[in-house]
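Only one chain is included here, represented as structure tokens and corresponding to the form predicted on its own.
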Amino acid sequence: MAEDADPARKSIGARRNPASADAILEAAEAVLVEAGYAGFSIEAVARRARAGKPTIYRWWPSKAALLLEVYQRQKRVDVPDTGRLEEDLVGFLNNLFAHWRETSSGSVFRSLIAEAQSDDAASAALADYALGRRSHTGQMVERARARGEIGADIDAALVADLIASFAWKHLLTNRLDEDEATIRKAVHYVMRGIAVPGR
């Protein structure tokens, strides 16, 4: 897609004007609600925000990057800290599935994943986002390691990837109504591979 990325636009780190950035993000959310993912465009956001396309591209180098920030603004998923990793992971997945199911975020993220299969800009934006989420989810695993609940040699990032792959599979196959017993079983299988014996 011609508008999705411009290799010359590299000033992603340019300092943002907070008021202008908020106006653009609010306009992007509004366009997304009104036109859906298929009708979302940088031109439409620029018109709605009364901002120039160069300003938008200075802060978001592609349509996918802008959509991912909109997605992150919408995302309200509690990350439990119960003192037990198994309960934390089950609670996190339950919260994530409910959020995807009950808001437009699930549809937006599903579309972004699909677009990333054929669009380099979307793929790069999604990879950057996934790296950050991997670290965020991995914090639950790191807490468990500090408690001695899992082995010291366990790769927290890899465990986070296993949890994410379970979640993304359910998102992409529209199975977000999975019952807690199945979620708990999947987490239990992961725990059997990483828990310290006797814990």
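All residue numbers are counted from 1 along the displayed sequence. What you see is a predicted model; the values in this text were computed from it and never measured.
Just so it is clear, the following notes concern the form predicted together with a further copy of the same chain, a form of the same protein that is not shown.
With a further copy of the same chain left out of view, the stretch that reaches within 4.5 Å of it through heavy atoms in the predicted complex is, among 23 to 31, 58 to 66, 141 to 149, 44 to 52, 141 to 149. Using a 4.5 angstroms limit between non-hydrogen atoms, Ser135 is distant from a further copy of the same chain in the predicted complex. a further copy of the same chain in the predicted complex is approached by Val190, whose closest heavy atom lies within 4.5 angstroms of it.
Contact annotation: Leu85 falls within 4.5 Å of a further copy of the same chain in the predicted complex, judged by heavy atom distances. At a distance threshold of 4.5 angstroms between non-hydrogen atoms, Asn17 is out of contact with a further copy of the same chain in the predicted complex.
Between a further copy of the same chain and the residues Gln72, Ser123, Asn95, Thr103, the one pair within 4.5 Å by heavy atoms in the predicted complex involves Ser123. Using a 4.5 Å cut-off on any heavy atom, the residues of 82 to 117 that reach a further copy of the same chain in the predicted complex are, in sequence order, Leu85, Arg110, Ile113, Ala114, Ala116, Gln117. Note: the CA-CA distance for Leu32 and Arg110 contracts in the predicted complex relative to this form, by 3 angstroms or more. Relative to this form, Arg58 and Ala127 separate from one another in the predicted complex, with their C-alpha atoms ending up at least 3 Å farther apart.
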